[in-house]
Every structure is written in structure tokens, then in C-alpha cells.
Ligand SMILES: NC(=O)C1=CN([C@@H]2O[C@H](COP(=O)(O)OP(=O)(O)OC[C@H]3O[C@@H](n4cnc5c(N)ncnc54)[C@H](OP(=O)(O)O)[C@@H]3O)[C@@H](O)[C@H]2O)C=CC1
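Shown here is one chain on its own, the form predicted alone, set out as C-alpha cells.
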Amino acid sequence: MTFTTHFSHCSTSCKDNSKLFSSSSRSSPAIHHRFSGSRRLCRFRINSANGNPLEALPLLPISESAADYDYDDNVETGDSHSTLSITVVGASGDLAKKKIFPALFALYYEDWLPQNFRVFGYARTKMTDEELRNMISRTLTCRVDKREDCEQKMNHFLGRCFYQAGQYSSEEHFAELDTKLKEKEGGKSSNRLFYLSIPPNIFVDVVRCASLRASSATGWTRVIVEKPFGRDSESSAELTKCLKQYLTEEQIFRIDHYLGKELVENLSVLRFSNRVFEPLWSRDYIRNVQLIFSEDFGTEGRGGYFDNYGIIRDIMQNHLLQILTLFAMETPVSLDAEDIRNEKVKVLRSMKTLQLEDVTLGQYKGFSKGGKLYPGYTDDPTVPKDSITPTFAAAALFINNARWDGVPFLMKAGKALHTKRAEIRVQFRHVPGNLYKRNFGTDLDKATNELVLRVQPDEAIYLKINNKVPGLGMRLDRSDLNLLYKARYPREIPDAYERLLLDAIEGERRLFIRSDELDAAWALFSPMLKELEEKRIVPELYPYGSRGPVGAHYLAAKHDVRWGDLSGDDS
């Protein structure tokens, strides 16, 4: 089986095309101090919600709601000097409808957006402004702490949404978009953000057309690019080369939404602002680190897309590897984006290239339980019957530096497993000469201290410690020191897309991926992926809803590790 990824042809004659986008692409002081008229208190206090419907309002007729709140006629502006135009390219797709538009409304609902902003949808689908608003309104939701003005704010937001139909490779259609943007911007200085919610094979076409016909001439222009960023080192480098013919590196925001998750954001805070953790954060005290991602459902209609990438490219090479770099990096000079990303790149360059013998693969098969039949991966009509694409993978990675030498970093990711979770598990070394060793018997793993950061669901941080059970005897028990977010922080946790969209608007790049970081990440995985496909390694089958293939346990045992999520004492 062979895979191909095609990007639009990029000519070397376009070397100076990056100048086509406004030279004002870097954030101005005004951007860093936020927008006039916006409520900006503390940058790290985002009170917002996720994009999934929780208390969706009934859809009102357009004539009675959004249409009566046209931005130009009903909204009093604060800053008359600049505007923000956000264009969602691929506006009719699922990602835009389920995540991007709800995230933008969430930011508006909590007054994190500037007063002079508008949202534009661009896609091939023929649609009017009113039809776009109707489509968006079905997925918008107010907060759990819903205020009385929720319905009014929703209508105000919809009144700022507009639509332009066009082909992704048509400069003429992007020129029409530019005309519409300028019409709504009213001659003010304009900042423009493009979100590419489209397949990667048309990234370059869209960037080319936007750069030539729809970039801002008076402010900054930025582009958010969704993964996948290629499927190996060569295709990723080609994509970066093509994008940089029209954009500078500072204008490209490669989004990995997992970096916007609350617990991932809190990882560096936990480590660098708590004196108790930093001395323990090394090979001297940490026995292994586990990064675990599991879903309790299969491909469910995404099989055609997934089969071309597989679980390693879809989850491991980006989401889990990004978390690993944040976990393992040295203390950065500052919280500046470049300082943080420099340290992440150092980690990647210190890592040993992943070997096939340190990887185990799996693919889920059909399973019947309680009279219900759960289909296998190849039962998906969009997946070839002879597909050997892995839906599960476990891998052991190593960092060859003074802090982490010899510590296995185990990754595990899979679909159609027994539970849905994403977490970081840090297992500490056994206590040397433990006085209470006899109370644990021969299984010292039961005495292992473990720090767990549960990214989703039910965000939490807890530390497993050994404790005496009250009573006259000497009986020990593993107990949790637990910070459960929903108990400690009753307000809804923001969706990752809200934080990342806000960062892109601000010009804050610390949670976005730099090109050299991307190159280093692919360099770790590409040789193994190439060997995997050349040898046509057949994955081990595992039942839908199980804990995954047995091979994952053998891989862990090879490195003297026991998977922490299979201990049975986690809630």
C-alpha cells in the first residue's frame, strides 16, 4: 500500500512573495496591550466555554434576531482606528461549525474580542449571509453561568457574520472577498486572520490567493493552519517551503489544539512555579513517563481520511509529542514564545530516532457485546477491506541528555478502546531500602508514587501516595492527593480552540508550532514510518471496546514499566 500527499505546485520564482502580505505582520504594541474597548483583565484568565452544545438557544427567525443586529447599524464602536476581520476558510465544514464558530462566539460572549470585529465564512458552498447565520446558530451555546443578555449577545454576534462563496484556487473569488472585507472595514486600518479549516492539499492554493488578493494593506495578516502538516519529513518540508513563498514564519500559526487544553497549559505552571516539583523532575527520581490517549469510539465516517494517516501521524507525532516536549524541556529564559519554543526544539533534537522494535501496532476488529455488534475498522465502508493502517500504537522514546538519560517516555494512543481519556502519568522510582517493603509483598509497583495529569475528561491533577489505613494494625493503602477541577473551579473550562484563536489574534505564538520544531518532530518518526510501510507490518487485532493489543504490555515490560491506566484503581 502506498500513500501520496499532493500539495499545489510552488514555483521557486516566488521567493519574494512573502512580502505580499503586509509588512505589519508582527504584533504592534497596541495588540499586546489588547484592543481598545475590550475587557482585558489578566491574560491568563479566560472565562469561556467549549464549542459543544450544552444549553443551545432555540433558533429565532432571522428577521427577528441576527438580521436586526447588523454590525454597522447597531453596534457602537470603541476604537475607530482599526478593525479585525476573521475569515474561516472552509466555513461549511464540520470543524468550522462544531469548533471554530462556537469558539469565536465564546470569546465574544465573554468580551475578549475587540469591538471592531467581523467574522467571514468562505467556502465553495453557495450560501447567503442569512443562511450562514442560521447554520452557525445551531451550534452556538451560552455558558453554564448563562447571563440574562445571552440571547442578545448571540444575535449581536450573528449580525457580525458574513459569507462569501468561492473556489479555493480562484484569485478572482478572493478578490471578491477582499471587496467585501473592505466594505465592512469602512476604510479603517484592518487586521486580518485567516483560519484554514480545509484539507492540506489545498493549503497552498488558498494562501496564494489570499496573499495576492485579500491580504491587509494597512495592518497585520495571519494564517492559522490545521494539522496534518504533511505525512513525513519530505512532504512537511515541501508544504513549509510552499507556504513561505507567500508568508513569513511569523505569519504562520500551525495549530495543535491539544496545546490549548487547560491541563497542558498548566503543565509548565505546575513545574516551574512549585518548588516541590522541580528537584524531582529528572532521571534521579522519575522512573518513567507515560503519555496516554484513548478514545472509546472508532473512525465513524472518518475512515477515508484516517486510513491515509493512521494513529501515529494523527495523534502521536503531534499531540503527544508536543506534550512530551513541554514536560521535558529545560527552564526557558522567559515566557516569551521564542524562548519556550527554543527549549522544545532542544528536547526534540536530543531524542533518539524511533525504532521499529520500540513500537507495537494494533487495529480494532468487530465485537459483539450485550446483543450489540460493534463494527471493526475494515467494516467502515470508507476503509479498504485489506487495510493494515494501525488504529492503535504504543511506542517507547528516549531523550539523550543529562536530565532524562535512560528514562523511557512511553506513548500509547488508540481508537475503539474501553474508555476515553488523555493523561500524563509520571511514575517515580521505588524508595530504596523501603522499611515497609513487606507490606507490599513482591509487587513493588503497588508502592510507586505516581503523579497524574488528566487532560480529559474530568480534568484533574492527583498524586498517588502510600498511607497508613486507620486502625491498630499496620496496613498500607494507596491514596490520592486530588485536585479535581470541576470541584475546585466550578466555572466551565474553555475549549482549546478559544485559547488558541485568542492567542493568534494577539500574536502570541508560544502554543503554536515553529517550522524547525516541526522538522525535528518529523525526523523522529519518518524513518520508522517509512520502514513500517515498506515492510507492510500487519497490526495485531484487538476487540472493539477492549484495552488494546497484548503487544502493548510486552513493550512496557521490555522497559520495566507497567501501564498506569490499567492498574484498576483509577476513577
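Quick note: we count residues from 1 along the sequence shown, nothing fancier. Nothing here was measured: the structure is a model prediction, and the numbers come from that model.
Below: the form predicted in complex with this ligand, not depicted.
Among residues of the shown chain, Phe174 is not one whose heavy atoms approach this ligand to within 4.5 Å in the model of the complex.
The shortest heavy atom separation between Pro199 and this ligand in the model of the complex is within 4.5 Å.
Within this chain, Gln251 is remote from the site of this ligand in the model of the complex, having no heavy atom within 4.5 Å. This ligand in the model of the complex comes within 4.5 Å of a heavy atom belonging to Ser92. The single contact residue among Lys227, Arg222, Arg454, Arg231, judged by any heavy atom lying within 4.5 Å of this ligand in the model of the complex, is Lys227. This chain lacks the partner; the member of Arg302, Lys153, Arg213, Arg491 within 4.5 angstroms of this ligand in the model of the complex by a non-hydrogen atom is Arg302.
Partner contact region in the model of the complex: 116-124, out of 240-248, 469-477, 370-378, 116-124, criterion any non-hydrogen atom within 4.5 Å of this ligand.
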